[in-house]
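Encoded as structure tokens, the following chain is the form predicted alone, with no partner shown.
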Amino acid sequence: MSIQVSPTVTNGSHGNVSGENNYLLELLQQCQKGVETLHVTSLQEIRDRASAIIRQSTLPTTKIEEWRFTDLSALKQIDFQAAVPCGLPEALVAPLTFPEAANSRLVFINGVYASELSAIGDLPKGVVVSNLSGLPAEYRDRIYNYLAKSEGGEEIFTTLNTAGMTDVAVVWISKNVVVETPIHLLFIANSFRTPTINQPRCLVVAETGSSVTLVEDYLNQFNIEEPETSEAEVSETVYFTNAVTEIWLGENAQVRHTRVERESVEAFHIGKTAITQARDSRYTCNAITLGAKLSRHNLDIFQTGEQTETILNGLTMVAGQQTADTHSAIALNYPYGMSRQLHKCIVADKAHTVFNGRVFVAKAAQLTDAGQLNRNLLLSPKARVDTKPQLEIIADNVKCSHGATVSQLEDDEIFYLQSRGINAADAQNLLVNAFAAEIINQLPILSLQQTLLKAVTREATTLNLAD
């Protein structure tokens, strides 16, 4: 397969080994603790290649354009230890699940599969949902045609994940199979006293003519070994989630993908989602970012055939000292491709959001239709937004647009609601909720919609906007 992509789609940081990258090597050492020799030959080769890249690389700094607005200094000040496998009572996990996916769920704790909390009994023939060790034999060799094969895999944190890969959440939809039941991949970080690093990994293959709805969910839960832990202490748990998801769509396949990041407010979350779409395929991503002290989501789309459709919706809501960075890149390489992107940010207190959305239209991508918009709502004078829509067009017969807006709550809208008997605080909360609801209401799972709308309402209320 040949994909025409500008080298700047990826954002790796390669350089000579120096004293400064000892931190990266120590991270690598921690990530490789407990690495199992499952499928020794193929998996070990993948890890070895990634490890070799890590040893010649350094962590990115703000001197690198792709990381100019996201400072990793706070991350580098913490010595993360390898997360250890642990269990959680079903009663604690149950509230985190969705009734719509009661029997189509995989749960991972600290990146380790929790079979006792997973349920995969409600899936049709031709659908495989499993972790790597439980994968049916006929699929074990097939996954190596896709695992760690996505474009952009050399990005430094993606490479770190690959070098320490121990288990993988695998979703495989066979040719022409339509899955009505949503599939829920739940990744729980469970650490407390010691800062830990965990590295979830997902591989999704939707063969020709198949269809699936997928929810990828990242959050934290308190340590069962310390039940006296208060909710406030849990919310301040320090850990590092470094997640990678690869999704492959065959011809005329459809994937509706929701990614929710609601980690601890003191956590670090760096995620990579790489999508490869064959001709006539349709991919929709709803990415919700609510948590983490510092988060970054790299979302890379590669259209590899004609008449391919990509829809990206995003919502980021941060407050306090949080920083949330969304870097997306869409490579349209063939004729009649279509993409739409709407990313919205709600920023309060001294929080900081970054949006860098690149759309690349190759010369061969004639009659492309691409639109991109980043909308930002500032709720505080000290809140900060850095937005950088990028549209690079080589083809000469296309319809493309992009833009960004930064605004505050409108006084006349608040006044209108107050004139209807709503107090100022409730009026402002209503407007914030309405801003977020445009994205949340598009999620394909009703219970998740309700959960996230409540989270946004709760967060907006605590901001005390009326003051």
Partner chain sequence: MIIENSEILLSVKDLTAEVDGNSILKGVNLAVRSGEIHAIMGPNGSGKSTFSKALAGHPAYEVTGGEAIFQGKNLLEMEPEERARAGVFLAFQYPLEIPGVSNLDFLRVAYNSRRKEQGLEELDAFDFDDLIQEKLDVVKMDAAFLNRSVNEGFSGGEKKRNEILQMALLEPKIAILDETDSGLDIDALKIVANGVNQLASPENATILITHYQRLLNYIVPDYVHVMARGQIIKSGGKELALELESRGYDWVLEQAGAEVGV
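Computed from a predicted model, the values in this text were never measured in an experiment. Numbering follows the first chain given and starts at 1.
This protein has a second form, the form predicted in complex with the partner chain, left out of what is shown; the following refers to that one.
Just one of 29, 419, 401, 56 comes within 4.5 Å of the partner chain in the predicted bound form, counting any heavy atom, and that one is 419. The stretch from 422 to 430, 43 to 51, 401 to 409, 62 to 70 that comes within 4.5 Å of the partner chain in the predicted bound form, counting heavy atoms only, is 422 to 430. Contacts between stretch 83 to 104 and the partner chain, counted in the predicted bound form as any heavy atom lying within 4.5 Å, involve no residue at all.
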